[in-house]
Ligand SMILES: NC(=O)c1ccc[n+]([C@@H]2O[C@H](COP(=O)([O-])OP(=O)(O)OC[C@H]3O[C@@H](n4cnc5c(N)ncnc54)[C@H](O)[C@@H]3O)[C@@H](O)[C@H]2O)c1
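In structure tokens, the next block holds one chain alone, the form predicted alone.
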């Protein structure tokens, strides 16, 4: 069993399908967990479900694209828990438009949440982790970042998730000498509420394209996050981990 006892984990977008599973899994491993989410009611519902003995969990309403909100929330977390050991940049938005139909607002929204937000949270966490001489940053990217547009992803989404891989490698390079590992997980099509409307119409077609013959689950992604957050992965950094049932093998 992986142990994260005594660690404090921050998960952005922790009220969503993948986010919830990451939150529950990290808590089950013994970590105190903080959810940063704009959907505070849903985030608080997730927190209420964490019933492990001596476990602490907190939900904060934060727009990760707002640097002041992020900095204030991290200061509150330090006051409350004393450290920030694990950061999971899970919050994200989908986009599924053809190139002629993409607007500047579409571009700005996707890039803000999928790229700028993780940069702000990681940059804010970095000096904290440097001082601790320990940190784990895990970014949730996408198979689309490597494979390109498909059923669920358009050009903007692909660009944002590919950019997140670039951020991962940049932070990993600089963090290595400070005891900070930075890795990314690239899920394939995952059966969550966020993608339900896209998947339902083409569910069987998408499943047929996956060698394992099924869609991913939130727990599949959470398992990879738990591993990368643990001491088992202490010598792994800058890794882009595929969790896609064989949809893409590289």
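Positions refer to the first chain, counted from 1. Every value quoted in this text rests on a predicted model; they were computed, and no experiment measured them.
Below: the form predicted in complex with the ligand, not depicted.
J.: Consider the chain as shown here, without its partner, and state which of 93, 162, 128, 102 has a heavy atom within 4.5 Å of the ligand in the predicted complex.
T.: In short, 93.
J.: Of the options 58, 50, 210, 38, which one has a non-hydrogen atom that comes within 4.5 Å of the ligand in the predicted complex?
T.: Result of the distance check: 38.
J.: Using a 4.5 Å heavy atom cut-off, state whether residue 204 contacts the ligand in the predicted complex.
T.: Heavy-atom contact with the ligand at 4.5 Å: absent for residue 204.
J.: Can any non-hydrogen atom of residue 74 be found within 4.5 angstroms of the ligand in the predicted complex?
T.: Residue-level check for residue 74: no, no contact with the ligand.
J.: Any of the heavy atoms of residue 25 lying within 4.5 Å of the ligand in the predicted complex?
T.: No, residue 25 is distant from the partner.
J.: At the 4.5 Å heavy atom threshold, is residue 44 in contact with the ligand in the predicted complex?
T.: No - in the predicted complex, heavy atoms of residue 44 and the ligand never come within 4.5 Å of each other.
J.: Check, residue by residue, if 13, 16 and 142 all come within 4.5 Å of the ligand in the predicted complex, counting heavy atoms only.
T.: Judged in the predicted complex, 13, 16 and 142 all sit within 4.5 Å of the ligand.
J.: Though the partner is not shown here, which residues of 111-132 have a heavy atom within 4.5 Å of the ligand in the predicted complex?
T.: Result: 113 alone.
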